[in-house]
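Take a look at this single chain in structure tokens; it is the form predicted alone.
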């Protein structure tokens, strides 16, 4: 049937089917309340306009929250900032989404239509007919005569990019010094300490196949100014220490007799990488299954991570305890815009 034909409410539409196949067709059209009741139709318009208005308020809320609740040094302030920004974005996108869906379902024509599909290019007549269908749909939406809905949609779409673009303009009211991600507490001569028992690690005590969770010497509650400083530094400096048979290592740089140390922060989104498979020498991030090969410089062998885990170069001091020879050779954790490599 033609795409411009509109079936009657009591008509059963029969579609084309291959020979020998019974096509049950489409059920009779069921009119909606808004099709016969002008008050119900007007109520649907008000609901759509209200949803677009909710999107506008969400966009404005994101902008207000961005300036009114900047992330501070404390965890609570960061959580508060994320909560208000997240709520604003949720209302911003949900308002447009639900408004568009409700507009289509309650206001636009919902008569069933059937159109044959052909693998070849449509004829010029069919293409012209398709344009007419699009024009019919635009006319059916009533966007030309429903100024309130048109204004609400345009305003919501106009403000929609702001919540995304605003963070790109600049980080107002917050300290986003990217150098904090480039350096940690690890320095030349810093001893490797067990986490959480905080004991120095003698190289001779690390057996093949063993895994040790490590923090730098000096990273202790009693040695830092506050608990927040402790958590900030620990989030960057945590290390996973593994000992392999030295013959299994493809690269020995930065290792000591088969002992290697890598950042425990996944290079995907920053989850802790803490699952070690001794037979394959693989480290697994439990969040998104990024897998790193410890024997090959912790390179990615599976998953969404794009970079190897940064390695902490190590050796031993005069007493045989493991120490760092330098900080990580590159920033730890996920990539960020200002990252050089």
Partner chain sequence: MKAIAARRHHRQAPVVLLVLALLVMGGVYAAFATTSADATVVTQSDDDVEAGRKLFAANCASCHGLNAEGRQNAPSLVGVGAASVYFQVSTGRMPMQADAPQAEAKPPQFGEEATRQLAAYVASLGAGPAIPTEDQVDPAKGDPASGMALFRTNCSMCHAASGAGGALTQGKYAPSVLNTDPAAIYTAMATGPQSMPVFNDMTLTPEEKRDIIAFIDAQKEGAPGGLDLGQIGPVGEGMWAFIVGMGLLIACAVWIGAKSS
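Residue numbers count along the first chain shown, from 1. For clarity, a rigid core is taken as the largest C-alpha set superposing within 1.5 Å between two forms. Because the structure is a prediction, the values reported are computed rather than measured.
Not on display, but discussed next: the form predicted together with the partner chain.
Undergrad: Check whether residue 89 has any heavy atom within 4.5 Å of a heavy atom of the partner chain in the model of the complex, and answer yes or no.
TA: Because no heavy atom of residue 89 falls inside 4.5 Å of the partner chain in the model of the complex, the answer is no.
Undergrad: Find out whether any non-hydrogen atom of residue 247 is located within 4.5 angstroms of the partner chain in the model of the complex, and reply yes or no.
TA: Flag for residue 247 set to no.
Undergrad: Should residue 32 be counted as a contact of the partner chain in the model of the complex, where contact means heavy atoms within 4.5 Å?
TA: Yes, residue 32 is a contact residue.
Undergrad: Is residue 217 close to the partner chain in the model of the complex, meaning a heavy atom pair under 4.5 Å apart or at it?
TA: No, residue 217 is distant from the partner.
Undergrad: Report whether all of 50, 62 and 159 sit within 4.5 Å of the partner chain in the model of the complex, measuring from non-hydrogen atoms.
TA: No: no residue has a heavy atom within 4.5 Å of the partner.
Undergrad: Using heavy atoms only and a 4.5 Å cut-off, determine which of 78, 143, 130, 166 is in contact with the partner chain in the model of the complex.
TA: By the 4.5 Å criterion, the partner-contacting residue is 78.
Undergrad: From the list 252, 123, 147, 207, which entry has a heavy atom within 4.5 Å of the partner chain in the model of the complex?
TA: Of the candidates 252, 123, 147, 207, 207 is the one lying within 4.5 Å of the partner chain in the model of the complex.
Undergrad: Go through 182-190, 147-155, 197-205, 130-138 and give me the stretch that gets within 4.5 Å of the partner chain in the model of the complex, heavy atoms only.
TA: In short, 197-205.
Undergrad: For the heavy atom contacts within 4.5 Å of the partner chain in the model of the complex, list the residues of 268-290 involved, in sequence order.
TA: Contacts from 268-290: 274, 275, 276, 277, 278, 279, 280, 284.
Undergrad: Taking 2 Å as the cut-off, check whether the CA of residue 208 shifts that much or more between the shown form and the other one after a rigid core fit.
TA: No, because once the rigid core is superposed, the C-alpha of residue 208 moves less than 2 Å between the shown form and the other one.
Undergrad: Answer yes if the Cα of residue 196 shifts by 2 angstroms or more between the shown form and the other one on a rigid-core superposition, and no otherwise.
TA: It does not reach a 2 Å shift.
Undergrad: Comparing between the shown form and the other one on the rigid core, is the C-alpha shift at residue 110 2 Å or larger?
TA: It does, since the residue 110 C-alpha is displaced 2 Å or more between the shown form and the other one after the core fit.
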